[in-house]
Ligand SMILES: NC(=O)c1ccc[n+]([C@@H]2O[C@H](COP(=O)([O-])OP(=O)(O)OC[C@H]3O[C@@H](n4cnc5c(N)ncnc54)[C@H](OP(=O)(O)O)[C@@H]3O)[C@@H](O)[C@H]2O)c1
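Take a look at this one chain, the form predicted on its own, written out in structure tokens.
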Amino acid sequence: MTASAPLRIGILGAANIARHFTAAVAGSPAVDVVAVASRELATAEAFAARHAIPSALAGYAALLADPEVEAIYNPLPNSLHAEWSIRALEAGKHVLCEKPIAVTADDARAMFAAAERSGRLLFEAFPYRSQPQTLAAARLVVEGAIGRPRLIQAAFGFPMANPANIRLDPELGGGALLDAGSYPVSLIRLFAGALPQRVTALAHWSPRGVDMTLVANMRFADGLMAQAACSFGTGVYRRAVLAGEDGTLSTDFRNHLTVAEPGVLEVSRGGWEPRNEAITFPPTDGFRAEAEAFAAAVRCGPTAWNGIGTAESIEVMQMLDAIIASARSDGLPIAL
């Protein structure tokens, strides 16, 4: 297979996010969706017909056995990420797995161990991480544009109106933290460059026991402090502010940039009379950006990947584990 040949991807399941992914990569010279599998053949056939995918298969195992499929995109419910990603790797497929990579850090470690054993690549799909907006922000921080980071605040919230949504099912790895919250937590880990020393969190819980709104505070060894917030009960809100010793950086760290809503990175340098700059970025679909980076990594080597790396994915899961454990302890009451 030549480096220029499109990567032949099969999709596990016909979830809504799979539809967005497939539409985004249509026409890409680097990626070709060649098959889709669902538990019901009729569902796979309908999905394939809508997106002009040549092969529809009954059952996920059939997709892993398909010799035409080189790599798997795994958008299954969170609770199925580890099982089917490991099975795909053992079947000789590269895997791009939707965030969060798993529901626990131990599962994430098992997944990356399977990738190491199989000699295949496993990456976690965070579309915003392959966006030029995020790449530029990370570069500015490394270059010292705002000095040493001292405070990070990142949040992502949106309304969840459908009680049947799988994000509200505790058996499927539901909850605001593992869904919306994985974004601000991963962004904090990106800019901090390390695990926090200590985490404290509080949450509001649904009757079924999933977190609907959660706020977590983190302290790092170098004195950096960070706060992540997430919710299934707000208007759509996605924003991060990184304050350094010499300035600030603000971003909406969105997955997708459009002509109507281009990415804007606000940079402020200096003290009480700062120099302000707004950097804009061209329309970019995050699904396509990450898929093409994934294809480049498979064809040319893992250094072509511009998203979240192995150690970082595991550390984000460690952070998520610690946050949910702290939230379940419910903090300290205030005496009335």
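Since this is a predicted model, take the numbers as computed values, not measurements. In case it trips you up, residue 1 is the first one in the sequence shown, and so on.
Below, we turn to the form predicted together with the ligand, even though it does not appear here.
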Task: Candidate from Leu195, Ala155, Leu172, Val141 lying within 4.5 Å of the ligand in the predicted bound form - any heavy atom - done: Leu172
Open item on the list: I need to confirm a contact call. Of Val25, Ala14, Ala327, Ile314, which residue comes within 4.5 Å of the ligand in the predicted bound form, counting heavy atoms only?
Closed with: Ala14
Task: Partner contact for Leu76 in the predicted bound form: the ligand, 4.5 angstroms, heavy atom - done: yes
Task: Proximity of Arg109 to the ligand in the predicted bound form, heavy atoms at 4.5 Å - done: no
TODO: Examine Ala82 and determine whether its closest non-hydrogen atom to the ligand in the predicted bound form is within 4.5 angstroms.
DONE: no
TODO: Classify Tyr183 as contacting or not contacting the ligand in the predicted bound form by the rule of any non-hydrogen atom within 4.5 angstroms, answering yes or no.
DONE: yes
Open item on the list: For the interface check, one of 38-46, 293-301, 306-314, 271-279 should have non-hydrogen atoms within 4.5 Å of the ligand in the predicted bound form; which one?
Closed with: 38-46
Task: the ligand in the predicted bound form: contacted by all of Pro6, Leu89 and Ser118, heavy atom 4.5 Å - done: no
Open item on the list: Given a 4.5 Å distance limit between heavy atoms, list every residue of 86-105 close to the ligand in the predicted bound form, or none if there are none.
Closed with: Glu98, Lys99, Pro100
